[in-house]
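So this first bit is one chain, no partners, the form predicted alone, shown in structure tokens.
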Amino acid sequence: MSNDVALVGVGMHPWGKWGRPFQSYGVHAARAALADAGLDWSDVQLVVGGETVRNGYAGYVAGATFAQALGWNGARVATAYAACATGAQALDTARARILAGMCDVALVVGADTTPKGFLAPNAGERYDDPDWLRFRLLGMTNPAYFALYARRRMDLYGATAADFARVKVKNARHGLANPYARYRKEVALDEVMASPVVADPLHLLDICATSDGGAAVVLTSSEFARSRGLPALRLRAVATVAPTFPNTVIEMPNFATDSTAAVAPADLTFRDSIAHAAYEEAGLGPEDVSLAEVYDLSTALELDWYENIGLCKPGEAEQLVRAGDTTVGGRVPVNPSGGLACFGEAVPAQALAQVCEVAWQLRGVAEGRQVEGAQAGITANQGLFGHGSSVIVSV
């Protein structure tokens, strides 16, 4: 049995700091996705919303919130939350209902309005909450974790600050042509390295911002797409795997890893397992993908993802970026959208935004940043507390 469903529409609201309710970004993206699909709001049978927890009660019931904002149409609703992997979880919820034969047309929406500065924990005293504890006990904001991962690359593989800066230079160049990107300005290597140090060895331009934005995807059953004559891409896989014990590489927001005294480590690290599960489900491998959209919270983290999704062996990521293999025109372009470096984080929307970019690339309409002959694309994202996120789409 094929797990494929049809991806028939994508839409986005431009990223930025707009200061409006998150619903407005989601409705804009949803309407764009429906128009892209050539479907009406009345055709939608299921709405899955990506939850945002920083915007009051409406954020906790995002599916119904978006359905109400679009105009109640009697559709089923669902809400998903998996931190930065929220979009993939929402997509998987919609796909599962379609594959179960309970729905033919599903709209998946994620949108967020973010606070100024870095993402902080919600108010209140929560001594059993690891995310609260890492701020209060260690003072560990997200950039501090990004810096630890960067130091790990430097210690293990000899990565340099210039290697990290090359990732920013590449992504900034890609983002110039993306009308949805917040930052559309080319930067030079020395500009990145001269920007203020935030968490050594990472500079300000090595780290993504927080943004407002929205993204939406329309999925249908393959049979429905054929019956309507809709041009469709194939959603081949959605991986939402959790780590396997013992998890020996620290993951945010934890501040300790599992012991291997009694149990040997798994064959794959958590991040390696995310893409592995997607490839296995899709029946494809790293050699089959034409491009990748990965989770570049920092420039150093993007290098890790090259290895996690199988573009190269551990320790070889720096060679890829130095050689230009991951730029548009290279062997396997990574983040042709510009990535989070150009967008910033809008948490419930970012995994869906990656899918939007892959869709535009596979259709050949990513003007100014097009990957020639793109046939398949993979996304990689990750949420707090062991939420995997990888999606594979092909023509």
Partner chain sequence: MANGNATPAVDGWFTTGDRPALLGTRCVQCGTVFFPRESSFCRNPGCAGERFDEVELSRRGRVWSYTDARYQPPPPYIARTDPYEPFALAAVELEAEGLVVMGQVADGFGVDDLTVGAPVELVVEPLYTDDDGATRTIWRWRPLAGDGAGTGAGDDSSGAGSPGATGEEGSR
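Numbering follows the first chain given and starts at 1. What you see is a predicted model, and the numbers here were worked out from it, not measured in a lab.
There is also a form predicted in complex with the partner chain; it is not shown, and the following applies to it.
In the model of the complex, the partner chain stays beyond 4.5 Å of every heavy atom belonging to R184.
Contact annotation for L99: none of its heavy atoms lies within 4.5 Å of the partner chain in the model of the complex. Contact annotation for P196: at least one heavy atom lies within 4.5 Å of the partner chain in the model of the complex. The partner chain is not drawn, but in the model of the complex it has no heavy atom within 4.5 Å of C103.
With the partner omitted here, the stretch from 222-230, 140-148, 293-301, 158-166 that lies within 4.5 Å of the partner chain by heavy atoms in the model of the complex is 140-148. This chain lacks the partner; the member of P314, G283, G324, P121 within 4.5 angstroms of the partner chain in the model of the complex by a non-hydrogen atom is P121. Only one of A242, L176, V263, L189 lies close to the partner chain in the model of the complex, with a heavy atom inside 4.5 Å, and it is V263.
Using a 4.5 angstroms heavy atom cutoff to the partner chain in the model of the complex, none of L268, H276 and A376 count as contacting. Residues of 232-260 that come within 4.5 Å of the partner chain in the model of the complex, judged by any heavy atom, are F245, V249, I250, N254, F255, A256, T257, D258, S259, T260 in sequence order.
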